[in-house]
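Given as structure tokens, the chain that follows is alone and in the form predicted alone.
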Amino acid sequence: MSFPWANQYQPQNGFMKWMDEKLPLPRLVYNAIGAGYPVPRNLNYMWNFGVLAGFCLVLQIVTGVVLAMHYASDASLAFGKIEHIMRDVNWGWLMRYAHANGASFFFLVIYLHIFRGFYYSSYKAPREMIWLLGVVIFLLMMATGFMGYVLPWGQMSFWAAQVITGLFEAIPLVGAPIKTWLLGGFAPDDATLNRFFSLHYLLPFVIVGVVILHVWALHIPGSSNPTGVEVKSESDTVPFHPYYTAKDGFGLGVFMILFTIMVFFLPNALGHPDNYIEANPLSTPAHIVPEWYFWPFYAILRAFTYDFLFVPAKLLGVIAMFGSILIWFILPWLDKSPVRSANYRPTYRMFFWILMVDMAVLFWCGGAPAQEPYVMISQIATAYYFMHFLVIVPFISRSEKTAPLPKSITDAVLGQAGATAKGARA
């Protein structure tokens, strides 16, 4: 984002001048997160989640690299290696608990980041590419998280790999070969662990690359804001530093308090107890369930229990599960409303909160046993989920009566009288 009133980077000494000429990294940082990057003055704490997501990614990479030094991707050794890390490696228990709970916090932050995007329509032009890259990051996270869940080689890890890779068999013609290729055989074993460990280690660095593109794309149109009104003048913005570095620092402090409470006092609260039992291919758990952050999509998968014409129920579930995320790619073109923020779209705001309740129901059903009434409830919730994006959003975006927008961000922050007075003083 380039504004004529943005502060320009000025090297302060000879070394920094030389550095700026040869490798302008300080200038890049200054323009990206410093006083040279003007941002809307009305951002609330819902805009903290991008920084928190970046912190979680760094945390996962650092702890993951340390854990990889002590792990062995061998079916006869993997479970014992996890116990070795927990019991014998100095601070190994902390690394493992921080990594496992860090994944949950990472997904929690990303879900809140996505829901904020839904509420404030952050996917609308000119920010479509930011949104599309964000969805790619989420898909990469899901793949990375699933492969990481398999690595401890406990009961739930083994059977999650068996069930999830088995979904590919529903794809006609190519499904069985894809499953065999993923597993490296006909059932999860050494080859599976080798493949999943390699990809689990690699994909976070791919995510870093896409995050760089995501941030780069963000800096072209600039940040969105709670009003959805674009920046019009210098009075609409403040420098990112020190205003939002301080705000993000406070948010990060609150995040760290909650994270440390979870790691030190409730480290296994978000895991499954069966994963402390070594994988046994001959003993199927009574209730196979993935990690909590996969639950809504797992509920959508299980919602399809009947064949439709010549399409098997299993294939319908797989299509719906992947489609429930892929539909986000076309959301910028489904929502035609000229108004972005749900604060000025009363009808859309009502349906947004209905969607949040629907998502909560899918989370609940995904973690519940595959029996009634959970299956029927998940079917209703799945039907509404797709209806929201394919029917409700396009319809209300064309028909709803929106509230009047403020003329500028400054008007929204200071009110008309304050903005007029500020303009007169200027």
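The first residue of the sequence shown is number 1, and the count goes up from there. Just so we're clear, the structure is a prediction, and the values are computed from it rather than from any experiment.
One more form of this protein should be noted, the form predicted together with a small molecule, which is absent from this view; the next part is about it.
- Residue heavy atoms within 4.5 Å of the small molecule in the model of the complex occur in exactly one stretch of 341 to 349, 150 to 158, 215 to 223, 182 to 190, and that stretch is 215 to 223.
- For the three marked residues, Phe49, Ala53 and Phe138, a heavy atom of each sits within 4.5 Å of the small molecule in the model of the complex.
- In the model of the complex, Gly134 approaches the small molecule with a heavy atom inside 4.5 Å.
- Not displayed here, the small molecule is kept clear of Val229 by more than 4.5 Å at the level of heavy atoms in the model of the complex.
- Although the partner is absent here, Ile164 sits far enough away that none of its heavy atoms falls within 4.5 Å of the small molecule in the model of the complex.
- At least one heavy atom of Ile114 is located within 4.5 Å of the small molecule in the model of the complex.
- The partner is absent here; in the model of the complex, the one residue of Val89, Leu199, Ala176, Val211 having a heavy atom within 4.5 Å of the small molecule is Val211.
- Of the listed positions (Met321, Ile110, Ala103, Ile82), a single one reaches within 4.5 angstroms of the small molecule by any non-hydrogen atom in the model of the complex, namely Ile110.
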